[in-house]
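We begin with a single chain expressed as structure tokens, specifically the form predicted on its own.
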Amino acid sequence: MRVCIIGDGISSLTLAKALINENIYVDIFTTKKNNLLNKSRTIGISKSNIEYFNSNILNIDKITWKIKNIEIFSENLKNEKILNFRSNDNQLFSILRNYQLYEMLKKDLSKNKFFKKKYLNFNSSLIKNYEIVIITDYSHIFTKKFFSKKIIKKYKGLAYTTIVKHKKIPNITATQIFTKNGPLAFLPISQNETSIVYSFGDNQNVQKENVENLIKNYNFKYKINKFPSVNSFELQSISLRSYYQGKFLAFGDLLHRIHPLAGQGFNMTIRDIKILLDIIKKKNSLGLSLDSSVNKEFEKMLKHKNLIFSNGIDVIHEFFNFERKTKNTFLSKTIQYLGKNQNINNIFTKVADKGITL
């Protein structure tokens, strides 16, 4: 069996590794000889997803930093803590650098006989060579041809990212502050380094040099030694109306992109990989070949769950955005009250860890 993946990002390589672990031949097509990743970007992976990744895809423990506590504050409540999640064992989340995961996957795949990377455009003449063609590349002609219908929400703003170096501390608690400008996340990646994501919406005109000062104003934990350059990306959410067209299947961020406030984007992709592999394994066990029916079943099993989850993240953003604009504290106080109930707190934690289960 042979599968084609168009695109060379982290989602593509992760999916490729998962597929070759099932002895499926994978060819990746890309026109980029050097995929330069932003070194100020990090990924958060939930506990259940990191366990799945390590057991079924590739063990990445050596490049992850375990988070045992998550604290959420609201500036509208004078920086009172509104939610507090704590792990009963060793972790709630793991944080890792994008480029390190990419390089680790790339190195592992390069040694595998089931994998090939081809530096050329995938075109119509090659379609017959593959049972399934998985697309993750936004700019490819087949993306525009088959997956142009989508639900797009632009938050009219940017998310700014950086990694700061600071005085050594235990650093096992991630912090999110809903500020008057937007959500600000401090995500530990070592004892002396922390990743920061600060999201600004509503056309707020913020210069990069001002972002550094704003971050310093809200920093109550770290003695920062070095503040490197700040990078940015556009804030928007995307959900495709159709996951597939025949043997073509959309995947990764092309399939769904969400606001970064909850750190759930790559977690959704890992859950998608798990479902796709389960479908493929079932077909293999029955002696059936891979074809477009895999894509059809994938959409049927996931589309509604992903849409509910994506909309849920957007609702959280809109509620806090409304509260920020109106300086109303009702939502924060309600969540603060509910979060004190351990059963409800456990539900919040489970959804963040495993997504929507229906």
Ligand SMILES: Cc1cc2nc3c(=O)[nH]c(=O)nc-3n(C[C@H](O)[C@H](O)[C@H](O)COP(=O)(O)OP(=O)(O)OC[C@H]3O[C@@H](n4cnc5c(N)ncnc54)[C@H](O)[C@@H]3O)c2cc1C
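Remember, predicted model here, so these are calculated numbers, not experimental data. Quick note: we count residues from 1 along the sequence shown, nothing fancier.
The next section is about a form of this same protein that is not shown, the form predicted together with this ligand.
In summary, among the residues Tyr222, Phe73, Phe266, Phe122, the only one with a non-hydrogen atom within 4.5 Å of this ligand in the predicted complex is Phe266.
For the options Arg41, Lys296, Lys333, Lys68, the one in contact with this ligand in the predicted complex, meaning a heavy atom within 4.5 Å, is Arg41. Here the marked residues Ser239, Gly312 and Asp353 all miss this ligand in the predicted complex; none has a heavy atom within 4.5 angstroms. Remark: Glu212 does not count among the residues lining this ligand in the predicted complex, judged by a heavy atom distance of 4.5 Å or less. This ligand in the predicted complex comes within 4.5 Å of no heavy atom belonging to Asn321. Contact check for Asn98: a non-hydrogen atom falls within 4.5 Å of this ligand in the predicted complex.
Contact check for Asp253: a heavy atom falls within 4.5 Å of this ligand in the predicted complex. Listed stretches are 75 to 83, 145 to 153, 272 to 280, 129 to 137; the contact stretch with this ligand in the predicted complex is 129 to 137, by a heavy atom cutoff of 4.5 Å. Within 4.5 angstroms of this ligand in the predicted complex, the stretch 11 to 47 places a non-hydrogen atom from each of Ser11, Ser12, Lys32, Asn34, Asn35, Leu36, Arg41, Thr42, Ile43, Gly44, taken in sequence order.
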